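First structure 1, then structure 2: two forms of the same chain, each alone, as structure tokens.
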Structure 1
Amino acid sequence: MKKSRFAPIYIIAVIIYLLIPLVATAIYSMFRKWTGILPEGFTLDHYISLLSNKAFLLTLGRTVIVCIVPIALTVVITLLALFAVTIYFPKLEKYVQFLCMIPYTIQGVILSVSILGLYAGIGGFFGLRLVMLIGAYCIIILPYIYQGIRNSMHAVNMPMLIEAAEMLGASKIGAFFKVIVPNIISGITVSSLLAVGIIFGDYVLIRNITGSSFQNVQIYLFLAMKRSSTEASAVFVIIMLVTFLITALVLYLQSRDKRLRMESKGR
């Protein structure tokens, strides 16, 4: 198939089109007002105030922490479930897939109200609002994590690789974590980054489940919108930068790990 010479132009045009809202928001956040053709009153006061605001930094830290925990739990549980289904119960895979796709149809309001109705009245560990929130996030991101890991496993032909590792003396579970997981790390990474975006953008679940006791950046953004639109724009830009930094860090660590494996094999 002949490659079009205009393909790079199309790609650049799409990238510019997608970046226009973010660039416009960033410009708006650095000016006091923008009622005419050009913005007026350049200032970085909102960024200085936010980055020196302990409440905002704590909110940002809480969001990162509550983002990492459910993703890690969901990835581990999904890996073990797919290992068991693929190796021991292959006929049950379609049922597992159906169950993992159900959260696609569940709205955040319905999920939060259901969780509160079931667990809010009980004491102990499961009655904690933070535990409920983490469980709700695990449900919401499950379809994305499952689909990414499942596709990666089918791409590497997991049963054949495990059989080859067993012939060399490895156990099934050992072969899974030493052979399969390193080969599907790219799929796990992409799924996890998609889940990061979903959790960072959540407002309904955390608002309904934890109320004002555990704020994330979306709640802070909502409160900032009531005070000032330019401040809210600055909060939005910082949220985007944090997600970009997380993505860049994860991709860098993945590429470095891949490079180190290639170098060790070359030796």
Structure 2
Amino acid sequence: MKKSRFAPIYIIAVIIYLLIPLVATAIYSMFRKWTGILPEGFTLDHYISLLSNKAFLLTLGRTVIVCIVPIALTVVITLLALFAVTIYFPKLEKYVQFLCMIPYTIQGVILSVSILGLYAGIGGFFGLRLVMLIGAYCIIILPYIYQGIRNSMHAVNMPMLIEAAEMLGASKIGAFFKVIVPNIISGITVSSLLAVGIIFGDYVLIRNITGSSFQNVQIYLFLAMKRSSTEASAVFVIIMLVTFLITALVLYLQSRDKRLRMESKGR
């Protein structure tokens, strides 16, 4: 069996290839210098100085805020839209889907410059950079939120559940929020976490729209790179840890969901 020997070797090779940049940079962040074959002088000073740096902590806080607002907004509008479309206007579903999929093809660069071109010149509410940024984030995460919510709505057979709740005296909208939403909450959580990952990793939208007036961690890393590579390596490790934490949470929730579904089917 030639193939069975090939597969593990190939997998290990790809794993090593994928881990080298991560591990090397993580090691780099924990030593004073690395100019020979081995790094010298273990230290955690880079982390201590970074985590006591007020500017960095403020940046972290801003990143969190700029995650929460667009995600909450997008989840609510998508839930309402999918409710209306599934129950009352099934014919409109394909248009809603089309609108939700456009951001896939335009992506960050085009979206940011088109929003900038439209609203940058005008004053008032729409001209505020932060409002433009939140609007752009809503659009860029829309495909992921839409797919997550739609898939879980299909999984729970929403029309049937609503009908059952109506027979028991609930209104449609009441049934939606009291029966459907609790049932698909894990699907909403998973897609929101994916959205957190996207916004957390965003550089182009925030750079183009708010410039340096409103920094997130990616901009901070970009500027730190120019200052000192040791400081930047500590920022890098913190960014990667947060990203991995989000991914691990998504994987855990997805596997738990699958297991629960299998168990309930088995009964």
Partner chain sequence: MKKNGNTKIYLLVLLPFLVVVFLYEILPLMMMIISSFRSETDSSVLFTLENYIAAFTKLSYQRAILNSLKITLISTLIGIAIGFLGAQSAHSSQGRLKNLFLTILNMTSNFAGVPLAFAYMIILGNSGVLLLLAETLGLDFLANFDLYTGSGLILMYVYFQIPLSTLLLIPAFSGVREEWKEANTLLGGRGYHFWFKVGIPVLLPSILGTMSVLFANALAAYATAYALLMNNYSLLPVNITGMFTGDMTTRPHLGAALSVVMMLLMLAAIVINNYIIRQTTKWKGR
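Start at 1 and count along the sequence of structure 1; that gives the residue numbers used here. The term rigid core refers to the most C-alpha atoms you can superpose between the two forms while keeping them within 1.5 Å. This is a predicted model, so every value here is computed, not measured.
- Legend: structure 1 corresponds to the form predicted alone, while structure 2 does not.
- Rigid-part assignment between structures 1 and 2: residue 101 and residue 35 end up in two different parts.
- Between the two rigid parts, the smaller one rotates 22° against the larger between structures 1 and 2, as C-alpha superposition shows.
- Lined up on the core, residue 244 has its CA atom moved by 5.3 Å between structures 1 and 2.
- Comparing between structures 1 and 2 on a rigid core frame, one finds that residue 25 has its C-alpha moved by 3.2 Å.
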